[in-house]
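Just the one chain here, laid out as structure tokens, in the form predicted on its own.
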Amino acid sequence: MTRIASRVSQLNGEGALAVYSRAKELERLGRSVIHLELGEPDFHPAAPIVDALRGAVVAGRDRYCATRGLPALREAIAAYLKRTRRLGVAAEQVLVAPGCKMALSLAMMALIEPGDDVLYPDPGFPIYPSFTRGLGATAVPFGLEEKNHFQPDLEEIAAKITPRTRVLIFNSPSNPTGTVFSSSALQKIAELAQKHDLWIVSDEIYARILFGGAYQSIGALPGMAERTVIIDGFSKSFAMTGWRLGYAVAPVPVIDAMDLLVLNTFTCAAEFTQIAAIEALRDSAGAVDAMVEEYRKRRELFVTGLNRIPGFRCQPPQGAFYAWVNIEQTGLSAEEVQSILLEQGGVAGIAGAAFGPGGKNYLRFSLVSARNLLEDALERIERVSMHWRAAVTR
């Protein structure tokens, strides 16, 4: 019998993909489904980005290239982060990878030893605890609770730090809650990191998708540049999901370690997509701001509508493009509501337990469909709410 390495059994998948598979199956049967389960923008890259890619391929820019990424792209990323996040980053601190998940995985492999403790948010991106376990470490959750407006409880985090704790991972704006960590939360996390000599992995993939204020990166706080790894990429802000391009920003010794992992795995990211990414960072068409403004309008429409549904309660997200909905008052489990919405209403959302135990009474919807489709989705949800309406007490 073929033996599979035990580390694989420690990994888990993503609930969104299971819902998506069922939704596509219903569509093959002739059913109408509005897809709000995947975090994939319905936008496409701006025309200058596509033109840059086309020109790069025509020019034969399809060869092996630098393992850390094209020097021109790494320099462009450093300049972009200074412009948009006030981060003083050198090009030598940047490593390019085929997707943010790969950048995140490389960083975690470079920093985490078997037996380490890794703190991560619950609810949160399911890959954080999954890959932690795959590396032989212990994933230790800290809660993001509605009563705290989904801000981290710093007393809880402090109480969970042990001599084995090595890394703290978080995502701001958050998937799935849409929370932007407050300045005070970032400052206190930074203090804990310095006190206990922790690495911070700051997942900033949604940093450009904000609905108020300027983004604050923990890496810009005093004393944090030398202990922070920033993960970002092009999928969300530039609608380049299928292009698979992400990057990490870290102290040079960490980048050196990650580069060695690149040499032993994928060799390099595609040259032509990196050339197009330089154009994306210029954003000459103003596509990012236009996209964020559209997400703002969708947020206002959809969150307002969700809060009119009996048994639903939704705080407006501060960033990213998700609506995180409390369904506890329906009297049903989130899995039951998810099933009713998809099977009877034709609306695909995700039961919150896919993002950790802290999500058990929630559903996540992605604001990735046009406003007319979101309006249609609200009408469908309202229609099937008869299944729980009688149980709701307001």
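Note that the structure is a prediction, hence the values are computed from the model and not measured. From 1 onward, residues are counted along the sequence shown.
There is another form of the same protein, the form predicted in complex with a small molecule; it is not shown, and what comes next is about it.
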- Let me know the one among R298, R85, R244, R227 whose heavy atoms come within 4.5 Å of the small molecule in the model of the complex, would you? R244
- Message: Please tell me which of F150, Y80, Y120, Y322 lies within 4.5 Å of the small molecule in the model of the complex, judged by heavy atoms.
- Response: Y322
- Query: Since the chain is shown here on its own, which stretch among 125-133, 248-256, 87-95, 263-271 would lie within 4.5 Å of the small molecule in the model of the complex, judged by heavy atoms?
  - Reply: 125-133
- Message: When the small molecule is placed as it is in the model of the complex, are A107, T165 and W199 each within 4.5 Å of it, taking any non-hydrogen atom of the residue?
- Response: no
- Report whether the minimum heavy atom distance between S235 and the small molecule in the model of the complex is within 4.5 Å. yes
- Task: Decide whether Y206 counts as a contact residue for the small molecule in the model of the complex under a heavy atom distance cut-off of 4.5 Å.
- Result: yes
- Item | Contact test in the model of the complex: G99 vs the small molecule, heavy atoms, 4.5 Å | yes
- Item | Contact of T179 with the small molecule in the model of the complex (heavy atom, 4.5 Å) | no
